[in-house]
Structure formats: C-alpha cells, structure tokens
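Quick heads-up: it's one chain on its own, the form predicted on its own, in structure tokens.
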C-alpha cells in the first residue's frame, strides 16, 4: 500500500477490516524511514520499538471491537511539540535527550483516534526559521531537488510517503512554506481552533499547530479530531460552545476569490506566471475572481518580526540553565548564565534574543514595538475588510524557490522569505497552502486565506483545484 496514492480514510478502513494490520503497516513505514532519512535528514528521532508497540496495541483494540477513525495511520511530530516517549529537542542540542513529562494536545488527540507516531522531525534553531538551515543537526533536503532545502521536515516526510500526516507548528510560515516547497498541502488553522498545549513557542502571539498532508482530503479527515476547546490553552475558549463553521460548498454557491494584483509584483516572472495560470484555472472551474488590494504586506512583515523578536527575547529568558536547560560550568553566577545560554541557544536564537531585548529597551519600546502593534491592528482590519468583499483570498506562499543547502544567506534575506506568510499570521485568519504548479521541476504553492473558522471551505476549494502539475518524485 503506497501511502502517497491513497487517503487516510482508505488506509484506516483497510486496517479496521483486516486487509492489513497496523503492525504490518508501521513496520513497513519504519523501514522506509531508515532508507529515506539517510539522504534527506528528516528525523531527529525515530520511534522504532515504541511505534511497533503502539501498532500492536491498536490491532488488539480492533480485535476487541474498538472503532478508531485513524487506525494505524503513521504520523510525524515536529520537534518543538512535546511527546512523552521520544526526546523533544526544541531545535537545541542541549535538549537532545530531554523526555517531556507531557504530550502535546494535538498528538494526544490523534493517538487516541488510532494514529501512530513514527518520529520527531527536524526544525530550525529553537523553532525559529522557515528553512531548517539553522538546525543544530543540519538542514533537511528537499525530496524534489536534494541540493535545496525542504523548508519543513514534516512536509518532506509527507512528500516522500513516509507518513500520511505531519503535526507541525507555524508562526511566520514554516508549515506553509514547507508544504509549498515539497508540493503538498498544509493548513494553519484559525487562532484558537486547535490547542497549542505542549508547543514550545518562541512568539506566543503567532504560534499555531497545524497539519501537513499529501491532499486536502487527508487534512479534512482529521480536522474535527484536533479541533475544539482545551482548558490547557485559553485561546481555545472561542470553541467552548462549539465551532462556528463557515462552510461554502463549491458548486452549490458562488465563491469569490480575491486576487491581490500588486502582491504578485514582488515575485520573479516565472513564479508570477504560475499564479496567473492558477488564477485562470480557478476561473475555469467557475469561481469568480475579483481584483483586490493588499497594501500592507511589506509593513506586515516588518511588524511581525518586531513583535516576534520581542516575544522571543521574553520566552528565551527561561532557558537560563537553572530552570530549563543544561547548566554551564563556571566559577560565578554571571559566567554560568553566559555558558548555559550559549549552549542552549544557537546563533539564530541568540540573535533574536538580542534584537528583541533592544526593541523592548527604554526609548525603543515606543519607537518600534508600539508602532508594530499599531500595524498589527491595521493588518487585521485590512484582511477583515478584504474578506467582506470576497469569500477567499489567493496569495503566494513563498517569495522565492527553496534555498540552496550550501552557500551563505544573510539573516535578513532569510527573514524576507516570510513576506507573504507573516502578514497572514498577523491577521489571525486560517490559511491553506496547496500546490499551484512547478518552476524547473520544483513545486510552487499558493495560500488560500479565509475568514475565521472557514477551514472546511478552504479545504473543499483546495480539493477541487488541485494538486496542479506536481508530477512524481
């Protein structure tokens, strides 16, 4: 059974009906992990025996009449999400052997439904980045062109067929850009829809937990399972009385898709052509296309990084070698802090901590941070206004093709890769990345953005429109 060519529902049905056991499925999956991980560097840790035991337990529940909607489905978990069986490194070598006492809420929900965790996936330094280039274990290679980055190790795992679902975090766009670069689908949900319990967030205001899968149909199959109120995450209080879904079914109602013409001027010609074709494809499917204006994308990127750096400075303060992390050897307290933080925080995390402290310092707080908060509110108003004129919004996901694994990239250039994703993060709206086409055999993805709790509409539209021209690995 080739996981890339089927659906979550079909695989779970096969396990429940005895066509294949969960143990057989996971055993085959783990063998694929060993073969593919060597060349791509997807995993920080592979479950092995633990995954096999999970699978056997699922087979036993099925024999006893248990109904598991995700029976035997192999999933991966990004290594900034806690999992009480495998080490959770947070993207720091200092935590490479840390076993969390808790498991992230999303992972718990999926496992209760019968999913099996096969490994923890690679990520940037303390989860800060959208390329994995700053990972202490080295970058994850793109399955389509191994000399380029995957953007997200979870997306690489899905694209290669190692797993069917990848649980990932997304702050400035890591999940969405990874899906774009690897030719798969990735959903960043509405603020408060999915619990963040168990996520190590460097910027709490924007960090979300989402799902990457080979198709929109596979994401649809787990959305209700991971959604809902969780008393351990106050943001999910919006779901306490149920989720106010906005559902428009393609074909039953006219759906208008907003096309921000000037936004595509920031792309290279070959990338812009992909989105012009995607726009025409939507029109050919019967969707109405409306030209709109988004004038604050550049300011949104700047505001995002000011706020994210400030929050990183605050969130990193706990990694002092006393409360969290390894304690450095030193002859006095000050040197102990220096040694501990140098070991825990990599270059990118230290950079963000320093910049964030500067932005929050006296004289700079009002000059930068307060102004960024004003831009944040303007971004929310702009997206809300646009989505009153149309049902969905179409945007690029990544400004460039995936970065080369070798070669120097300035941190400002790397931050600029979030140009189209960071403003969406500020808006709080749900965003779905789906394949839009290819440039030089490298997948290019687009974002569909909708009003709060319109994920099912996004997924329905995404299912009818793609994947486009993704070819085969």
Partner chain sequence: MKYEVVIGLEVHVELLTGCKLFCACPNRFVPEPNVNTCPVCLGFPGILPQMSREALQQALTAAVALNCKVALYSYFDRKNYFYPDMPKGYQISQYHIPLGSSGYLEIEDDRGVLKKVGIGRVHMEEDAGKLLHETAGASGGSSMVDYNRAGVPLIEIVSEPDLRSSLEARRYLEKLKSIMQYAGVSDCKMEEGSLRCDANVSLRNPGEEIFGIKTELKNMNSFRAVEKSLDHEIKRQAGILDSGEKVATQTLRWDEDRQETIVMRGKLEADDYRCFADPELAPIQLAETEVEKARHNLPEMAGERAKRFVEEYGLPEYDAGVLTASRCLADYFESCLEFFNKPKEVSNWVMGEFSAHLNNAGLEADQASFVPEDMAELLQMIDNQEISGKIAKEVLEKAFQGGKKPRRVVEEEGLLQISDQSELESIVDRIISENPDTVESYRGGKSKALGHLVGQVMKETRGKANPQLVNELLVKKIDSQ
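Numbering follows the first chain given and starts at 1. Everything numeric here is computed off the predicted structure, so don't read it as measured data.
Quick note: we don't show the form predicted together with the partner chain, though the next part is all about it.
Trainee: Would you mind picking out the stretch of 175 to 183, 277 to 285, 138 to 146, 358 to 366 that comes within 4.5 angstroms of the partner chain in the model of the complex, counting non-hydrogen atoms?
Mentor: The contacting stretch is 358 to 366.
Trainee: Consider residue 266 of the chain shown here, and say whether it contacts the partner chain in the model of the complex, taking contact as heavy atoms within 4.5 Å.
Mentor: Outside the cut-off, so no.
Trainee: Using the partner position in the model of the complex, report whether residue 204 sits within 4.5 Å of the partner chain, counting heavy atoms only.
Mentor: The answer is yes: residue 204 has a heavy atom within 4.5 Å of the partner chain.
Trainee: Report yes if any heavy atom of residue 101 sits within 4.5 Å of a heavy atom of the partner chain in the model of the complex; otherwise report no.
Mentor: Taking the distances in the model of the complex, the answer for residue 101 is yes, it comes within 4.5 Å of the partner chain.
Trainee: Determine whether any heavy atom of residue 389 comes within 4.5 Å of a heavy atom of the partner chain in the model of the complex, and answer yes or no.
Mentor: Residue-level check for residue 389: no, no contact with the partner chain.
Trainee: 199, 117, 257, 395: which sits within 4.5 Å of the partner chain in the model of the complex by any heavy atom?
Mentor: Among 199, 117, 257, 395, a heavy atom within 4.5 Å of the partner chain in the model of the complex occurs only for 199.
Trainee: Hey, with the partner chain in the model of the complex, do 6, 10 and 19 all fall inside the 4.5 Å heavy atom range?
Mentor: No, none of the three is in contact.
Trainee: Quick one: which residues from 273 to 295 get a non-hydrogen atom within 4.5 Å of the partner chain in the model of the complex?
Mentor: Nothing in the stretch sits within 4.5 Å of the partner.
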